[in-house]
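Quick heads-up: it's one chain on its own, the form predicted on its own, in structure tokens.
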């Protein structure tokens, strides 16, 4: 209950903050909708129709009441329900998110454990250098490099289309490389920390084989790795604005960028609520999963 209350107040504070900042930011959505040739009277009439002429507290209270009822408002530009827009743009984002995080979760921890077992050897050095190099490339520079290689030079995959399996490869690869590198480094560091714990020395003293010890240490590292996976999944499924924009994917990130550029208050606020809910749900799930795998975590939280 304490966690649920904290989540509720976090979402409430985020909503109030975003609601305030959107209205304090420069630019008027009505002027963007009507264009530069609109008269002051036309602008005023349209503002009244949209309810933007009311005082800030009134607008905020009306919006919060609507959110409680499940109404996130109507897009100022698209003239469609924000809930409908979120449902429409959720599928491409979910596909990219789950595939990229799933592949990262398969590749990253495996290479991280392998690197830890080969500590200070050539294999370890090569893996660490490559992972550091991938982390050093921001997505907005990594994506064009992949496009240059796989699309322009080799002509294997399309750049800015959506619909088939070949359209998924480059966006997923753009996310898998940095996400997998993070999981690799987290897994490696956590394994090396855990393998020096006293309980591992006890297993050595009892004569347990190295393979059995490594499996137990890997299990002890699993809650930390799951936490990182949960964070990555919540971030990616909330909308990868850069990746979706570069590859022209009609996902949540693209919808958010359009909303920000057009000062579409309901869309931006709706996406913030969606992102917070996604993060909270995934956080609770992986938190619960981590406690089931390692009951010591629950004891630590309770203490």
Partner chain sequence: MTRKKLNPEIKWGISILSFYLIWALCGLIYNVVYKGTFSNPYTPYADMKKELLGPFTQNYFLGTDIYGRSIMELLSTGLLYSLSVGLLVTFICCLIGIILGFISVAGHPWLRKISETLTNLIFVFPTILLAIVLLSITGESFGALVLILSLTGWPSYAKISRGETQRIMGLSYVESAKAVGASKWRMFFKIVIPGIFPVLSIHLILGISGVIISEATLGFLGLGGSDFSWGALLSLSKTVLLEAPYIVIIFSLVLAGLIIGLNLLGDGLRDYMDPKS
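Note that the structure is predicted; figures quoted are calculated from it, not measured. Numbering follows the first chain given and starts at 1.
Just so it is clear, the following notes concern the form predicted together with the partner chain, a form of the same protein that is not shown.
Exactly one listed residue, out of 34, 260, 67, 45, brings a non-hydrogen atom to within 4.5 Å of the partner chain in the model of the complex: 260. Note on contacts: among 202, 152, 122, 91, the single residue with a heavy atom within 4.5 Å of the partner chain in the model of the complex is 152. Within 4.5 Å of the partner chain in the model of the complex, a heavy atom is found for not a single one of 172, 255 and 289. Of the stretches 138-146, 214-222, 94-102, 75-83, only 138-146 has residues with a heavy atom within 4.5 Å of the partner chain in the model of the complex. Contact check for residue 22: a non-hydrogen atom falls within 4.5 Å of the partner chain in the model of the complex.
Residue contact with the partner chain in the model of the complex: residue 246 places a heavy atom within 4.5 Å of it. Although the partner is absent here, residue 128 is a contact residue: one of its heavy atoms lies within 4.5 angstroms of the partner chain in the model of the complex.
Shown alone here, residue 166 lies farther than 4.5 Å from the partner chain in the model of the complex, counting heavy atoms only. Of the residues in 176-202, those that come within 4.5 Å of the partner chain in the model of the complex through at least one heavy atom are, in sequence order, 185, 193, 197.
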